[in-house]
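Take a look at this single chain, the form predicted on its own, given in structure tokens.
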Amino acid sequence: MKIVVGHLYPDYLNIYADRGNIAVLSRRAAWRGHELEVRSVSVGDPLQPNEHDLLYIGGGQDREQALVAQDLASKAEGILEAVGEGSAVLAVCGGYQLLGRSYRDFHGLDLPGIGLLPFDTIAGDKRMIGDVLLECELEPGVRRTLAGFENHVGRTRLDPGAHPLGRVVAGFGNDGESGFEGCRVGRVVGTYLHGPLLPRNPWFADWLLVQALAHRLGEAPELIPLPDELETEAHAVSARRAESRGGRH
């Protein structure tokens, strides 16, 4: 089965090795006999809503966000339509912020978001940086942990009733106060976790593959389990580093 991924702005939003997330998805798909076809979608490129099973947008600094924000806003209709038709989305850090309604950066510049996720973000004075550990429940009754690295000045405040990606066990999360990190609406996930995220969280990589395949197939498939000893150890090391920070900040 071919899984088509639209990688938004890989030439702008590509810090903290977030391209590695695509590499992990590609390899884990290939091990199960699937092909990941990655299509770059950058400034000026059209985005057809029926083309992609998964849309991915990585992280960038304020300068890069400012360079792509207006173009992303011009693609909002296509992205919203794609999500309405069942496409999955993963957005990291700077990309995550632009999926909300707006982002006011450190210099007071207001950047438009596309309103896909229910929040606004305003840059604060203190940078929130370090290893982070979350507890997530993406499937009812099934709790797992996500380990990663955060580095952001943005304070993302979710609307009342919005669903975070997870609860902060250690680290700052969305705003350093709420105890929540990221945001999720159906198959759409936004998060501040860099590192990249997926190599040390294989269960989450597989969850994303299932969402993309569900768009392609019309139903969620069962994935063949993989021997994830190295990935599990990477997760454990990252989790221990986060826990050594002494709990939620």
Ligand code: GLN
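Bear in mind the structure is a predicted one, so any value in this text is a computation, not a measurement. Just count from 1 along the sequence shown to find any residue number.
There is another form of the same protein, the form predicted together with this ligand; it is not shown, and what comes next is about it.
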Proximity of residue 143 to this ligand in the predicted bound form, heavy atoms at 4.5 Å:
no
May I ask you to state whether residue 65 is within 4.5 Å of this ligand in the predicted bound form, using heavy atom distances?
yes
Is residue 171 near this ligand? Define near as a heavy atom within 4.5 Å, in the predicted bound form.
no
Within 4.5 Å, heavy atoms only: does residue 103 come near this ligand in the predicted bound form?
yes
Report the stretch among 72 to 80, 175 to 183, 132 to 140, 151 to 159 that approaches this ligand in the predicted bound form to within 4.5 Å, counting heavy atoms only.
151 to 159
In the predicted bound form, does every one of 2, 7 and 87 come within 4.5 Å of this ligand, counting any heavy atom?
no
Within 4.5 Å of this ligand in the predicted bound form, which residues of 172 to 206 have a heavy atom? Give them in sequence order, or say none.
194
